[in-house]
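Consider the single chain below, provided in structure tokens and representing the form predicted on its own.
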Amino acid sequence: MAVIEVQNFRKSFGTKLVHEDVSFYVKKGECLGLVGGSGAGKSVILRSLIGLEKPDSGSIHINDEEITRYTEANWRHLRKKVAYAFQGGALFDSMTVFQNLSYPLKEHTQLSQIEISKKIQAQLADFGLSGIERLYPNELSGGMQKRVGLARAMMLEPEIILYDEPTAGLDPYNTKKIQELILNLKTKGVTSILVTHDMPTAFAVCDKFAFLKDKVIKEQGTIEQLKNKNDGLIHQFIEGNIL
């Protein structure tokens, strides 16, 4: 059964049509690589899955619930289950790492300060970030900021996580760390969508791809299907022959 299902998704901004008829699905524990050229509107789809954008028409189902007409109260409940890992980490600059990670717990749970502290320490250890609780984002490297952002996204133990260019601008060491984190979350049954231009990472963590071009999904399939399709659009995209 699909955990995420998007059907006939259409979205425009003013007179600019961004998506005309986008459809795809993701099953439990799968990672879908949503790829395409710059400006194809990949992040618009992610933002629509978390209620930051609203489609003009079409449907979005998460766990069989149609979410496009959700009220803010509905979204507040859903955002406990769906996490968004923003491209830049989106940490609060004026807060320490501890304060950043405690924010969703204070907003959405009734945990005591001691329980919050234990949960944060365990989370940082899992992400290879022990001992940085008192540091501020500007004291961290870009790779560490992204890992802290991902750690914060996972604080509520969501069922779904949406990754927006999680390895952009990272060195090979931190890129590998992010890959390992994504793979580890998959073993826990987390369903995910990865928006990226980093195709080695996409091949390392994704189960299937959907290629977005000219306002629609032009091609989709499993890793094995696409590897054996040398004349396919995704293969041409990887080779740099099309945008």
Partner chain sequence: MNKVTSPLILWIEEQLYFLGGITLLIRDCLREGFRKPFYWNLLVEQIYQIGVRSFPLVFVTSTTIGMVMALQFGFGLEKFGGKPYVPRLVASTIFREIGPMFTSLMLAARVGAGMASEIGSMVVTQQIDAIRALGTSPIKKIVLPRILACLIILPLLVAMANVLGNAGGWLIGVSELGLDPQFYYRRILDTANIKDYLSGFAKTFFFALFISVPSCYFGLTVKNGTQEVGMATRKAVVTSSLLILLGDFFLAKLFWIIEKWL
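Residue numbers count along the first chain shown, from 1. In this text, rigid core is short for the largest set of C-alphas that superpose within 1.5 Å between two forms. All figures in this text were calculated on a predicted structure; none of them were measured in a lab.
Although it is not shown, the form predicted together with its partner chain is what the next lines describe.
In the model of the complex, at least one heavy atom of R76 sits within 4.5 Å of its partner chain. In the model of the complex, its partner chain stays beyond 4.5 Å of every heavy atom belonging to A204. Remark: K118 does not count among the residues lining its partner chain in the model of the complex, judged by a heavy atom distance of 4.5 Å or less. Its partner chain in the model of the complex is not approached by R147, whose heavy atoms all lie more than 4.5 angstroms from it.
A single residue from the set L183, V216, L52, M199 has any heavy atom within 4.5 angstroms of its partner chain in the model of the complex; that residue is L52. The partner is absent here, but in the model of the complex a heavy atom of E107, alone among E107, E157, D126, E139, sits within 4.5 Å of its partner chain. The chain is drawn here without its partner chain; in the model of the complex, the stretch among 110 to 118, 68 to 76, 139 to 147, 126 to 134 whose residues come within 4.5 Å of it by any heavy atom is 68 to 76.
Along 146 to 179, a non-hydrogen atom within 4.5 Å of its partner chain in the model of the complex is carried only by R152. In a rigid-core overlay of the protein, Q145 has its C-alpha displaced by at least 2 Å between this form and the one not shown. Relative to the superposed core, W75 undergoes a C-alpha shift smaller than 2 Å between this form and the one not shown. Y103 shows a C-alpha shift below 2 Å between this form and the one not shown [criterion: core-superposed Cα displacement of 2 Å].
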